[in-house]
Ligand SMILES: Cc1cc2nc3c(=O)[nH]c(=O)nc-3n(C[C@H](O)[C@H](O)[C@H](O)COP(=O)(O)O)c2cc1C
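What follows is one chain in structure tokens, specifically the form predicted on its own.
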Amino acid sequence: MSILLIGGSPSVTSRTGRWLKDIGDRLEQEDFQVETLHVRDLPAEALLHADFKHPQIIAALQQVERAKGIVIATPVYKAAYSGILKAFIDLWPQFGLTGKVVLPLANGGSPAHTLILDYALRPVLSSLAPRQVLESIYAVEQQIVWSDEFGLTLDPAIEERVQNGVRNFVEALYPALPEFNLVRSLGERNSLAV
């Protein structure tokens, strides 16, 4: 099953990108095929002019279409999610998230921006007809620490939310797998026969 990680930070060395990679590593440990798309790597002119025929835009939209689950991570700027992420989402088809499970993440400088996920990003994602948008995870900058020596360190409260978020993401995805439903139904049938 393909999972797409979408990074909405314009910075190459952002907390957002490192946090997104950490989520991806956790999902790979659950045997998911994980792809990463950083919106900053798409051609700016094609994004801003909504050039649907540009090869990189076509490829990025195909990644979104193929994915069964999507994790979207964004920094908070001016009490909103990033402009480059908005420019990319604006290119998605009207029902571009049909059948998909989405986990939104954001980090910012202040707890005051916690609700941007629920009041700004979630309505946009919900309008694209996903199967489910999971509970968002918001962290302030001090809760995501990076060092060259130790790598990424999450505050214990955020670590717990991330563990729960990944678990809920995986559980929401499994019903979409026919083989999971088959195994579950066989297990139920065997338990009834005993």
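This one's a predicted model, so the numbers in the text were calculated from it and none came from an experiment. So that there is no doubt, residue numbering starts at 1 and follows the sequence shown.
Same protein, other form: the form predicted in complex with this ligand, not shown, and the subject of what follows.
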Taking the partner as it appears in the predicted complex, which of 155-163, 60-68, 137-145, 42-50 has residues with heavy atoms within 4.5 Å of this ligand? 137-145
Exactly one of L121, V76, V102, L105 comes within 4.5 Å of this ligand in the predicted complex through a heavy atom, and that residue is V76
Within 4.5 Å of this ligand in the predicted complex - does that hold for a heavy atom of every one of S11, G109 and H113? yes
Determine whether any heavy atom of R15 comes within 4.5 Å of a heavy atom of this ligand in the predicted complex, and answer yes or no. yes
Out of 34-64, which residues reach within 4.5 Å of this ligand in the predicted complex, heavy atoms considered? none
